[in-house]
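Only one chain is shown below, in structure tokens, and it's the form predicted on its own.
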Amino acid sequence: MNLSLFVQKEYGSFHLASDITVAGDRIGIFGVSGSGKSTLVGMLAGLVKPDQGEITLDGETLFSTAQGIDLPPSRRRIAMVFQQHELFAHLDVKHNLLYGYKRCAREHRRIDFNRLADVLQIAPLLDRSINNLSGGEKQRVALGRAILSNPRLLLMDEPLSALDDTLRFQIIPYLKSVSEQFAIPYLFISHSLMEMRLMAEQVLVVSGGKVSEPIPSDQLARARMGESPYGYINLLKLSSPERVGELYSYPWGQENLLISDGCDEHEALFELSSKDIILFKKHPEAISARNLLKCRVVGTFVSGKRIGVELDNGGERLIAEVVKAAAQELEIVAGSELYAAIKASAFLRLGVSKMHLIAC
């Protein structure tokens, strides 16, 4: 996907200006509530008319004040999935799914209904009423309805914010797998940095009515480490666990990680805050933490008043954080060796199913 958004829009005292071009299939739009994210994607979808500017998608002009072009939403072939599922209560699951498909021109119909139902694991739900679905099932049906309209671009506007954490991390694999298997690029809109990390390769940050140039999602997380109360969140995809007393042992790099919040499933995704990694210049004699990793420093970066330290252990990477004084006392430079201590309880498991579909 190649997208250019050169637009401006005013609502009273609020002014939104975008002057960006982005290419890729997994793009995030990140910003706090009220920053203009939904207005931006509304202009792209044709639901909001810019005051002036131009929008092009894969070489086609969707809107241009100079050329007098303003394609209606039906001709833009852009589908949207919202925070609320917006399903039709008077239709069952099957007919909700077919709603967009029937309104799609025949020459654009390339997605097989049954295959999509299998990918989303909603085939057993087709005869059900919408009122008899869980929150996660409703969101999967809403995603399926959007995909069956056979769009060339999918816009997802805060699709997970109404779900609890368990459902959120169960839905994410479906969002990604549908896009990958049916080759549909997407823009994922959210105020959650964690969702950006899991869903987007590049991110447009909307702040103060301005839209930034795209940056990698991991770079965004590093830049915000110093101002976040949670620090930088390391995402670790771990597999092949073994029980060790009350803990679970997972192979990682040249070590094994001992984790209290493990599970018997073959694979799971864990988060670990940079704040929960304690660094030592020499091997400590005795510590309570169950994990002590000998690491090589790959590099450092500054984020606010903190120093991020990128560590390598057998090809696996972690980011820890220290204050500047500690970085000087430990003589942290690229190539030096440090010991990283981590409590078994510091690892938090995200979701419990289908984590093999999430690239961390």
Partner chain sequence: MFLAENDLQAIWLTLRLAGVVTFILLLLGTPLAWWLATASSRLKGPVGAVVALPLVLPPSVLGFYMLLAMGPRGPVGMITKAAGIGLLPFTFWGLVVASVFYSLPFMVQPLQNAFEAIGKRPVQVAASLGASKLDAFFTVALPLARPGLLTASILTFAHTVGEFGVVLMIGGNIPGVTRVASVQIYDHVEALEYNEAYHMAAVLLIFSFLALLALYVWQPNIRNVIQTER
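Positions refer to the first chain, counted from 1. Not measured: the values here are computed from a predicted model.
There is also a form predicted in complex with the partner chain; it is not shown, and the following applies to it.
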* Answer with one of 255, 267, 86, 218: the residue that has a non-hydrogen atom within 4.5 Å of the partner chain in the model of the complex. => 86
* Only one of 283, 243, 110, 90 comes within 4.5 Å of the partner chain in the model of the complex by heavy atoms, so just point that one out. => 90
* Any idea which of 181 to 189, 163 to 171, 98 to 106, 197 to 205 reaches within 4.5 Å of the partner chain in the model of the complex, heavy atoms considered? -> 98 to 106
* Do residue 230 and the partner chain share at least one heavy atom pair within 4.5 Å in the model of the complex? -> no
* Partner contact for residue 121 in the model of the complex: the partner chain, 4.5 angstroms, heavy atom -> no
* To do: Verify the contact flag for residue 136: yes if a non-hydrogen atom of it lies within 4.5 Å of a non-hydrogen atom of the partner chain in the model of the complex, no if not.
  => no
* Does any heavy atom of residue 273 come within 4.5 Å of a heavy atom of the partner chain in the model of the complex? -> no
* Within 133 to 169, the residues that have a heavy atom no more than 4.5 Å from the partner chain in the model of the complex -> 145, 146, 149
